[in-house]
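The form predicted on its own is given below as one chain in structure tokens.
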Amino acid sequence: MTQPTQPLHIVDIIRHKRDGLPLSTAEIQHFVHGIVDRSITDAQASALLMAIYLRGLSPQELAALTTAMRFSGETFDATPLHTFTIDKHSTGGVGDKTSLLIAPILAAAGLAAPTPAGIPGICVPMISGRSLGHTGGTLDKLETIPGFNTQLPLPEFFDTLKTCGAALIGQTPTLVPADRILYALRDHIGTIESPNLITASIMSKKLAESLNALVLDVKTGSGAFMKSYDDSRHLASLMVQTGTLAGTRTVALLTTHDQPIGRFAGNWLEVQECVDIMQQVRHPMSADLIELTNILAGSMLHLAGQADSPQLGAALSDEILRSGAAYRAWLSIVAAQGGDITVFDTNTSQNGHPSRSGEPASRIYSRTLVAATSGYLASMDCTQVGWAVQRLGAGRTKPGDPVSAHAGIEMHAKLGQRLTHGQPLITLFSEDESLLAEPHHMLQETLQILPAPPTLQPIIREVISAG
């Protein structure tokens, strides 16, 4: 006679992982179901997250957690589009705004080569997140565009992809709800850096998109969650393995992140920098952003069959950017998601500081950090730079906090650049003047100027694929 299954209790599951015991698939499913139906409290979920952070997960446990999260709510079925679906995801960075450029680049490529049914030949169903720790969130940036809806119901998401070739949304209450809950908790209990939790978070969202292919931007360096190269490589390998096993062709690029990417870090500031680029305004401080964007988009175009190699894909990406096709695709996406595209008609206000349409520049306070000595900008703790941006008002201290549209920084120098005494290094912006002092001190403390130029890492350290 079959013995009755013993009921599962979350406290027992927490104890098991705390004590280093492996969790069964049933225990992991119980945990995920419980956080979604709220039968498990945030305190209990946080305790298990911390136990996972400290004890790790076996490959079997990681696969079970990712699968349970993926199917914790609705999933998106792109197969009726009869097109090539591909996405990109970054593990997070300061000033990392490549998604805002890549989505319209790939959309423009797909619109230029539609299927026989008239649907774009490439579709990018991009499910993004909010600010996490010291890094910004794509959704927070997009929501500084008046009217932009990041919470499209799945039928509208489908229609936007069918028309525009790309759409950028967040985890709605019904789409991967387990990750939406856990993502917010991880930001505030010190478990952000767990490679297993990062993998489950990213891959559950991406696999829920029914992708044909996925390109991962895995950061390494002082601004990354995984600061050591070995840890970053381990994370990349976990995600490539997880995606490949699920039937999605997955490639990871290990990218150097020792300084903010591009010219600006902040929410509306980053949107406007990307719009400038799409409008053919290429500031020298944006050169690294453009290079990284083209490399990532190039890999995606190669996987989608639009280029014979990632290198040729990068060249095609830059051609799309320069032609204005990406900007036209961007306007189409923004309009389709309810955004007011008229805010992009006039791009700058006083002192070249991007300003949201209709908001007076007098609300924005600034302070500029200058070089205390001559020499070379040798190093910075990019994570500390990210926290400085957060404390200017661009990030959150707890789930649900509002974020400032205009808070952030402008970079006037990059690592390795020759500086003279008194030369501007970084300008800080905030909508609250009282918030400028602490971030100014944090930046002053971390930027190092030395007599000799530093040795810099290449932007791409390694490419990892399943073979």
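Not measured: the values here are computed from a predicted model. The numbering used is simple: start at 1 and walk along the sequence shown.
Not on display, but discussed next: the form predicted in complex with uracil (URA).
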property: Contact of residue 90 with uracil (URA) in the predicted complex (heavy atom, 4.5 Å); result: yes
property: is_contact(residue 152, uracil (URA)) in the predicted complex, heavy atom dist at most 4.5 Å; result: no
property: Partner proximity in the predicted complex: residue 180 to uracil (URA), non-hydrogen atom cutoff 4.5 Å; result: no
property: Contact test in the predicted complex: residue 201 vs uracil (URA), heavy atoms, 4.5 Å; result: yes
property: Answer range among 325-333, 183-191, 275-283, 240-248 for contact with uracil (URA), defined in the predicted complex as heavy atoms within 4.5 Å; result: 183-191
